[in-house]
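Just one chain is shown here, as structure tokens, and it is the form predicted alone.
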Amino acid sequence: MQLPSTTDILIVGAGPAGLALATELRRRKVEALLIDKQAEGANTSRAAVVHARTLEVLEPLGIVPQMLEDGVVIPIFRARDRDRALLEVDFRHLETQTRYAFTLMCPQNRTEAILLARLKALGGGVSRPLELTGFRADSERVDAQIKAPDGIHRLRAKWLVGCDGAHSFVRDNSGINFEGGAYEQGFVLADVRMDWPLSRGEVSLFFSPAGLVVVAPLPDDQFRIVATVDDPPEKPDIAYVQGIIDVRGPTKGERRIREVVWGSRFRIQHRVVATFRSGRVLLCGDAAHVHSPAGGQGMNTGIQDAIAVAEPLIRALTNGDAEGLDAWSERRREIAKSVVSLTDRMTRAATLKSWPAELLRNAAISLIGHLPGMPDRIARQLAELDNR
């Protein structure tokens, strides 16, 4: 395998954050080597929510029209207690603040495919399967050891960016602390085709004594279902998902699961790194922060990390000014801590188990929904417009 012996920037991990950074750098005529240990990109939907601020930062890449064409525009989020609506958040009220006054449901594999196509159109790409197995960083460079199908290669980079996920090798081998903890409950996820009584213009969060369930429309006449469960099955089947909807979802209208297209289970943590930068090593995305899927913030925050680091990284390359990277690190850590705090509050409120606590929660949410300006404030926070 032909690998360069040197590169200005080595990016590890070709998920949304790594692809976004590589594409933005390529657009700015900056060379970077993007590697991934998988032979090919994952073809499952995984993260599917794309918020307004993410669409804004992706505009310069020229990919937003394709994302809008491939996704489903959702203007409404509602929190419900079975058939009773507790809170409505209408993203259309943000139209004076952003041109993307909605939530876009676009599966992660499609988002990655669109980013990769743009990267290739700019003359870049992903080098696979290549695994970073060791590195040593000093004040001048990073010496990396990379495992390839034909053996071990050594490469020297000026900067190393870890976009390699929650179990980041780059983070762990930089000695950067990953501060936080884990949730007791697990989650089950299923992309399904089903008969559904509610509008495909709404993302619905249902509270029930059995736990929460979120139902969101996806392209190709599918729906994403995410639910809290104590012991999630590895591959949920039709009967399992139907049971969740029957117990937690609406009681009126047709709600029949016809097909489980893809299903999975996961457990979540809430963690943020002590710093996004350690010398010549930088972290983006899940390598720097992990949290509950509540609000669909994770992939969005990671893409924004990556786009935001491009400018200060280019300055550091061209004139040696790394102050911008320190400012980026501090700002992105503040944002990540805010996101973790928000999603933690949402998760803990949604997973209350005592009957009196559930009544109080539902009453509080209903009250918030009727306070002047509060639904719009929630919409802005979920859309991540405060991250500008």
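Predicted, not measured: the structure shown is a model, and the values here were computed from it. Heads up: residue numbers just count along the shown sequence, starting at 1.
There is also a form predicted together with a small molecule; it is not shown, and the following applies to it.
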Can you work out whether residue 108 and the small molecule are in contact in the model of the complex, taking contact to mean some heavy atom pair no more than 4.5 Å apart? yes
Is residue 275 near the small molecule? Define near as a heavy atom within 4.5 Å, in the model of the complex. no
Could you tell me if residue 46 has a non-hydrogen atom within 4.5 Å of the small molecule in the model of the complex? yes
Is it the case that residue 244, even though its partner is missing from this view, gets within 4.5 Å of the small molecule in the model of the complex, heavy atoms only? no
At 4.5 Å by heavy atoms, is each residue in 185, 229 and 335 next to the small molecule in the model of the complex? no
The listed residue (71, 75, 298, 124) that reaches within 4.5 Å of the small molecule in the model of the complex by any heavy atom is 298
Heavy atom within 4.5 Å of the small molecule in the model of the complex, from candidates 159, 169, 100, 207, belongs to 169
Pick from 283 to 291, 210 to 218, 313 to 321, 78 to 86: which stretch has a heavy atom within 4.5 Å of the small molecule in the model of the complex? 283 to 291
